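In the form predicted alone, a lone chain appears below as C-alpha cells.
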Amino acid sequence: MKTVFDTGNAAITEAAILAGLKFYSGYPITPATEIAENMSRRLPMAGGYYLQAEDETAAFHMAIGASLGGLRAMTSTSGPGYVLYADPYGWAIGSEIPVVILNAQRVGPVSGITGAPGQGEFYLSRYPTHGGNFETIVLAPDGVKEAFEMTIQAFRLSERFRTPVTILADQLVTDGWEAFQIPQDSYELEALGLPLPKRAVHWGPDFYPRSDDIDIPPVVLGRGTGGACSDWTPTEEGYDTEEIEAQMKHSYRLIYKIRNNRKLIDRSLLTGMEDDPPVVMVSYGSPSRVVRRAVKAARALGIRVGAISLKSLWPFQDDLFDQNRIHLVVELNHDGQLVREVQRASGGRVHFLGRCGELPTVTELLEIVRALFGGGRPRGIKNVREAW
C-alpha cells in the first residue's frame, strides 16, 4: 500500500478512479470544488473525461448521459448545489441509472458559511426528488480513510442496485487532512474489493424487471441493446405507460430492491455495546469521532455508555435501536433530523445535542451522559435539546 497524506477530496478522487470512473462532471462550489480540480488533472490521465458544466443541474444530467452510455459516472457538490439536483435525481432513480453523488455538507440554511461543517441534508438525501415511491442509498464517512473506502463501495452498490448512490460527507471530512492508503498491486486491490467487475451491458428486452432482484446489469442505450429511457413510468421494455398497475410494480421495485437488501448496505460501527449499555449516543460523519472518544472516556470512569456510528443513513437501520435504552443523538445542525428517525425507530427516550458549524467537545458529552445516568434532564449545556 502507498500511504498518502492528503484531503478527503483527494481521497475521494483517487478512490473513484480506482473504481473505474470514466466520466466526471461538476460545477465549482466550496467545499467540493477541490474534487473537480483533482478530477480535471487526474481523470484524463486514467483514460476518463472531465467536464465542467454551466450549473449543478446540467452536471448531474451529463453524468446520467454518460452512465446510460455505459461509463461509470460521478458528480459532486455542496448543499446549495445539492438542492438543484432534484430533477436529475428523479431521472436516475426512476430509470434505475447508476451514478455516484458526493455532497460535502456545509452549515446552512441557503449559502450559510462555506468553511463550516453542517449536516442539514439528512432528509433531503432520502427524498431528493419529487413523487415519492422510492428508496435511496446514502453512505456517510467520518474521515478521509473512510471516504476513500466508501467511494469504492458507492460505485459497486450503484451498479448492483441500479440506482444513484449518495455519499453524504461534511466539510470536515472533505477538507480535512489525514493519511490514507492507495493499493499498488492486484493483491492489495483485491483486499479493497477492487477492481470492480467490468460494467456490464443489459441486452433486454425486459429492461425494467418487476421484482426486487439486484445484480442485474443497468440499462445502456445504443450498442444494439434496444434500451429505452424516460422519466415516465416505464413498461418492462422501457417505454412510457399510463397504466397504474405498471406504476405499482415499478415503484415496488424501486423501494424493495433496496429495503429487502439493507444488510448488504449497512456498515455501522458499534462502540461499547457489548454489555448492552443503558445510554447510547448516536451520530454520523465527523461528530462520530468525538462521540467515540467520549465513550472511551466515560468507560474509563466506569460509566456504561455506548455509541452507534451510522455509516449507511438510508435505508435507515431500524434494528440497531432499542426502546429500553436512552439515546442521545449528536448532529451538526440545530433543527434535529437524525434524532427524529432514532425516535421513530427506538420508540423510547431520545435526547438531542445540536451543534451549528462546530463539533461538540468530549467534556460536554460526558456532562450530558452523567445527567442522563442521574435520571435528570441535561441542563446548562449550550444548545442541548430535551427529549423529542
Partner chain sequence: MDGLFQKYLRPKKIPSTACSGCGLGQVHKRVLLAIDGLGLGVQDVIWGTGIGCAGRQTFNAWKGDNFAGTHGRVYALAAGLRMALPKEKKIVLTVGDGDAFGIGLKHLLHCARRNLDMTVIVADNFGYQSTGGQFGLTTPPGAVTDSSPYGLSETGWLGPDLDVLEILKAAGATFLARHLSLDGKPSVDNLKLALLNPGFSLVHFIFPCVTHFGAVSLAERDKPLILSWFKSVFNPAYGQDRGESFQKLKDRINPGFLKLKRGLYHDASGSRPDYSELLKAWTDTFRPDRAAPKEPGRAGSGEGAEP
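Numbering follows the first chain given and starts at 1. Note that this is a predicted model, so its numbers are computed, not measured.
Note that the form predicted together with its partner chain isn't included here; everything after this is about it.
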property	result
Interface residue in the model of the complex among D318, D276, D240, D206, criterion: non-hydrogen atom within 4.5 angstroms of its partner chain	D240
Sole residue of I326, C356, I29, M62 within 4.5 Å of its partner chain in the model of the complex, by heavy atom	M62
Listed range touching its partner chain, judged in the model of the complex by heavy atoms within 4.5 Å, from 346 to 354, 318 to 326, 53 to 61, 333 to 341	53 to 61
4.5 angstroms heavy atom contact with its partner chain in the model of the complex for D87	yes
Close approach of D231 to its partner chain in the model of the complex, 4.5 Å, heavy atom	yes
Distance check, W177 to its partner chain in the model of the complex, heavy atom within 4.5 Å	yes
Contact of E367 with its partner chain in the model of the complex (heavy atom, 4.5 Å)	no
Output flag, M45, L68 and G227 jointly within 4.5 Å of its partner chain in the model of the complex, heavy atom basis	yes
Residues from 1 to 35 in contact with its partner chain (non-hydrogen atom within 4.5 Å) in the model of the complex	K2, V4, D6, T7, A10, E14, F23, E34
